[in-house]
Structures are given as structure tokens and as C-alpha cells.
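Below, in C-alpha cells: the form predicted on its own, a single chain.
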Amino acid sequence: MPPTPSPETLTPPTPELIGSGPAMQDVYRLTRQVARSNASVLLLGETGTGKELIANAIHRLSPRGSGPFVRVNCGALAESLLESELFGHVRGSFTGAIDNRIGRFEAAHTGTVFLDEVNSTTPKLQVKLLRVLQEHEFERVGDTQTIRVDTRVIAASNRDLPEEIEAGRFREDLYYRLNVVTIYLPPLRERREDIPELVAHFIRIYNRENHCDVPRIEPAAMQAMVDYDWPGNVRELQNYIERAIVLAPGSELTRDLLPDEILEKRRRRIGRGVDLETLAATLVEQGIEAAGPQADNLHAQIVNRVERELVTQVMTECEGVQVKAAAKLGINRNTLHKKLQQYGLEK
């Protein structure tokens, strides 16, 4: 008889985290484990998977939990503004710098700084980030005085950083400093068992926030949401639940309140809404017709035709991130790279 799991493995580390399926159990377990340390953490996952919630949970469960938690969206600012935002500046260092200003690293002293979309930083900023991680010191923009800080760094990326390194857009030494521990946040389509729990959670929230009373959900509506692939992940689900709550004429969230993109995706689909079974059948039929009745080696021709289209569709869905595409296809990254070369799909 297998041992009974401890209560810790069954509950999220913080109340804001919703989901009890196997994929999230692994995330929770690693979150608790790494929180006790002072190591840098790299969070990987698609947009909308909850990377900031995990970063916040690591901070709150850590010995630094009473200190500040400071978030910086590195993809939202130009290089000059981001440098000032991270490290501060002194008066007169650039046009508009009318006063001295501390940066986010100083503001996060004794706490945690969360660098979201760290893949968006420029090589110049990456050098300064590497120095902070290694030496715990930096200078404000326009200043020569060195400032020392005691700040833990948690970074997040929605891009494949090894690919960014290969492309010359991200420093390999910085990657290894950030990547002491990696936590992968699975997309919602890989943890469909959590969808009913998330739906119930958001129904409670948006009933309260919008002064509505829609306590029930139609089974057909729930099934439609479980079947949908959620390219926008939890953030997209959250948005559609609020929309349905606001538009509901009665006390039940019904299927007709869901947008067309959910209702039209009842079967397993990839890429731009393409159904796997239909795609394969169509390509096989077209391949047989194109090869003609006297064709040799028909099996290899059809397999290559279907495989090329499948790889194309998955790469499109994964926004060109080979690590995610390889995982979805169930092959390793080197095999995927060879297939991209074989079919002329490197770009």
C-alpha cells in the first residue's frame, strides 16, 4: 500500500495558488524547498501561467518574507529607463533626472527582487545584473559611489534562454547565475484537471467584485472550458469567467455565455485551431493523390509530409521556443533541431 502523502504536498504554499493536480504538486513541492534557501531562482513558462505568484510565494515562505518584494517588468521599459529603474540615478545624470532616486535593487534590500521577462534585457544591462548577482554591488546611473545590497533575485522568462544565448541575445554566464534552481510553470492545457477548481475560484471572486449572484455552472460550459487549449493560460480563463459572470442573465453560468473560440475547440487542437485528426487525414489523402498510383516508398513520403506539418504547427503554437515544442512533441531538443533542419524550418 503506497504511503499517504503529507498534508504539505496537497495544499498550495500560498492561498493565491490554485490547482491540486500532479503538475502543480511538483511546482508546490519545489517552491517550498527552494524558499528555504537564498539561491537565485529562474521561473520558466508561458505568459499567464502564474510566474509572479510563484515568485511571491517563494519570497513569503523564505527567511526574507518580512522584507520587501519588488517586481520589475524588464520587457516594459527601454534600456535607459530600465537601467535607472533597477539601479537608480543621481541628479543631472540624464535629461529629466531632477533628483536623486534609488533603484529597485536598493528598494529590495533584505528582501527579494523579481525580474520578470529578464530575457528582454540588453547586453549592457546583463553585465550589471551579473555583477549584482556575483558581487552584490553596483553604482547608480551617473554616480561613482558603489552601493552594496543584500537582495535575493528571482527571474522569469517566457522565452527559451539557451536559444537566446545561441542567438547572441543573452549572456551565458548570467544564465548560469540565474539558473541555480529552475521551476517550470506548466501551461493550463497541460493541467486540465485543475480547470474546474480554477473556474470555481474565479466565479467566487467575480461574483463578489461585480455584485453578482451566479453560483452555478452548467456542466456543458465546464466541459467546453476543460476541452479548450487556453493559449492565454490562467489569465485568459480569468478574463472569460468575469465576462460570463457579468453577462449571465440568471444564476447559472451557461455554455452560450462563453466566447466562440472556446465553443469551436471541442476536440484536441494545436497551432492555429487545427484539429490533429483532421490534419493527419487531410495530409495523408493529399499525399496519396500527389504520389500517384505507381509511387514507391509511399509510407516514408506520407510520414514525412505529416511530420513536417506537425512540427510546423507545434513550433507555431510554442512561438518558436524549441524546448517547449520538443516537450510537446515528446522528443528531445536535438532531435527537434535535426527535424527543423531536415524540413527547412529553422526560421
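Counting begins at 1, following the sequence as shown. These numbers were taken from a predicted model, which means no experiment stands behind them.
Beyond what is shown, the protein has a form predicted together with a small molecule; the following relates to that form.
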Full three-residue contact with the small molecule in the model of the complex, heavy atom 4.5 Å, for L17, N158 and V234
yes
Here the chain appears without its partner; judged in the model of the complex, the stretch of 171-179, 77-85, 209-217, 235-243 with heavy atoms within 4.5 Å of the small molecule is 235-243
Contact test in the model of the complex: Q33 vs the small molecule, heavy atoms, 4.5 Å:
no
Check your understanding: Is there a non-hydrogen atom of F202 within 4.5 angstroms of a non-hydrogen atom of the small molecule in the model of the complex?
Key -> yes
I'd like to know whether E317 contacts the small molecule in the model of the complex, with contact meaning heavy atoms within 4.5 angstroms.
no
Exercise for review: Answer yes if any heavy atom of L258 is within 4.5 Å of a heavy atom of the small molecule in the model of the complex; otherwise answer no.
Suggested key: no
Heavy atom within 4.5 Å of the small molecule in the model of the complex, from candidates V90, L198, V72, L133, belongs to L198
None of R152, R191, R104, K128 but one has a heavy atom within 4.5 Å of the small molecule in the model of the complex; the exception is R191
